[in-house]
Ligand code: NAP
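Presented as structure tokens, the chain that follows is alone, the form predicted on its own.
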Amino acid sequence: MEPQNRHRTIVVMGVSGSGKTTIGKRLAALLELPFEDADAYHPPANIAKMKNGTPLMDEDRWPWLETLNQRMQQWEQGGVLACSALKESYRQLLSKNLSIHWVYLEGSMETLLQRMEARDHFMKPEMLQSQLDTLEPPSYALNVSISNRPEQMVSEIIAKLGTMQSDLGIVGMGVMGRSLAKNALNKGFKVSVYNRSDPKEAHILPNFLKEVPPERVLGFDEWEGFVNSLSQPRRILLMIPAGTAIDAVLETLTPLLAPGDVVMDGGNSHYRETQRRMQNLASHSIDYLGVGVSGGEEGALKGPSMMAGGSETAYKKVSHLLEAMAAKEPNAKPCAALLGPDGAGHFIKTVHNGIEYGEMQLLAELYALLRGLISYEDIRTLFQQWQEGEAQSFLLGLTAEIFSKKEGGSYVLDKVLDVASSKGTGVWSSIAALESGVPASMMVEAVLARHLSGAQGTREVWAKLRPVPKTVKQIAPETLLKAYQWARLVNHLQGLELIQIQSQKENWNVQLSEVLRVWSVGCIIQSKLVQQLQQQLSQHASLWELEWVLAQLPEGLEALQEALQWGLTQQTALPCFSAAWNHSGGLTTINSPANLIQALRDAFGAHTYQRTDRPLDQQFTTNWKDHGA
């Protein structure tokens, strides 16, 4: 949304060396207004005097000031003038028939002299004292210190004068915030950015502002100016760590906001926290959205996948921003959408990350199977071949690239410590699966595998006792590919089932086909498999009974079994491949051993059980220690 046009005439004044022209040009560019430098209107006689070091008298300045006044009156929507305007009488003449915003650039004599000596201008440094003697600082002007950076000065001027409103405010100039800000700028939006100025982060904002064109971005390290620089309703995207940092920022921001403003949390927050914050801000009539953002640094810059949760009213206020910034499907539809109310967006992003954990663990297990048999170059070639077919995915392609990276003749991968870190979303998705009764075993096993990787000391002890693997015939690459693809399918279906069950519990009415569409481009788990599942679910509601899935089951399960058998002979731990087999094997078992578990529960705790020979709405209990007939 473009800021409203209004007549804005601004005069940036100060003595020579204060930076009037630099600040005026930046200001005019940001406000999309014409710029004039008053020095360009001096008659030749005035310029000659100043070159000779002769101060101008009032009678020299009157015609010049009248010309400037007439020029400003010709501006249709206002403009920016850089002019010394040292005396009140000069400012009165400049203001004739005009409403002017005055900006006074003030600085020390030492700074001003340094600047004058460093430039090539007809105004000589020795004339600075005469200007300071003439100066009558206006009490009504906005005073801006020239000790600050030009971009900071301009941001301060715009915020305090209220002459420009940005379309979007982004808090947090870390990797993702910085990339999203550049993305919005590239899409033509005006952006205000905020980053705290403590010593550890003082360099972040200045460095970012150097990387972007100054015409459409404002930078702040104080909250009031940041908020005032935004058009109403204000749209603010928080790109800061989840947890207490979000609450601290909201506590500061909320009193500065107005009813109808929208705050978006673009981090990986827990969906329950998002629900709580949404309720808190609703009491102030402020809208809140939980927006899951996936795609990493490159995706944030070029087009991420964006999973929003909240009210339709709130989403309509920001949809033009998010959908413009998001990745686009081949049919140009944006990979950003409102997927459900309150915490739905952040929950779906959490499950997305759980699936991502499973995808990465499967690739790690393939690596574990292959690294002792073929070279890294051969692994890369094999993965590149798979990438050209049905297995295509962002993560598979990235893995192939990793096997290409060398440093000093050695593979960088061999220098990476074999301890995998993790953040909250993998654990949260696993907990949600356990709480909801969804057997999403692959994301759970992927999280546990990362935890196990941290047991370095124990691994070193146990590895010495490891038996020597038997030499067996190598598995065929096409069999390994089928096993990999089937395991991936199980991983995705488990995650989608978790979203489906949680949606039913929360009354979110999430459409899985729309979730998959948003995941189809831009996010970390984007793949051909996601696109295929989206096509299937757009026509069917059931997950595990899709004909497309059932058709792959026999070959997929057989290949998975062969891969596991091969892995066992190599004594290679395959937790996610095993989880895929256990889930698939469990679903293919008509008579599961769970009847014994239920009998045991009844035997020690009288938990009752259902019978196969009686109606299922009846419960029974048995004295299992009485062995009589």
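Note that residue numbering follows the sequence shown and begins at 1. Note that the structure is predicted; figures quoted are calculated from it, not measured.
Here the subject shifts to the form predicted together with this ligand, a form of this protein not shown in this document.
Novice: Spot the stretch among 137-145, 401-409, 86-94, 168-176 with residues whose non-hydrogen atoms come within 4.5 Å of this ligand in the predicted bound form.
Specialist: In short, 168-176.
Novice: May I ask you to state whether residue 215 is within 4.5 Å of this ligand in the predicted bound form, using heavy atom distances?
Specialist: Looking in the predicted bound form, residue contacts with this ligand do not include residue 215, since no heavy atom lies within 4.5 Å.
Novice: Going by a heavy atom distance of 4.5 Å, is residue 241 a contact of this ligand in the predicted bound form?
Specialist: It does: once this ligand is placed as it appears in the predicted bound form, residue 241 has a heavy atom within 4.5 Å of it.
Novice: Would you please decide whether residue 268 lies within 4.5 angstroms of this ligand in the predicted bound form, comparing each non-hydrogen atom pair?
Specialist: Yes, residue 268 lies within 4.5 Å of this ligand in the predicted bound form.
Novice: Does the 4.5 Å heavy atom contact test between residue 195 and this ligand in the predicted bound form come out positive?
Specialist: Residue 195 belongs to the contact set for this ligand.
Novice: Quick one: from 377, 558, 201, 106, grab the residue that has a heavy atom within 4.5 Å of this ligand in the predicted bound form.
Specialist: By the 4.5 Å criterion, the partner-contacting residue is 201.
Novice: Counting non-hydrogen atoms within 4.5 angstroms of this ligand in the predicted bound form, say which of 334, 303, 341, 296 makes the cut.
Specialist: By the 4.5 Å heavy-atom cutoff, the listed residue in contact is 296.
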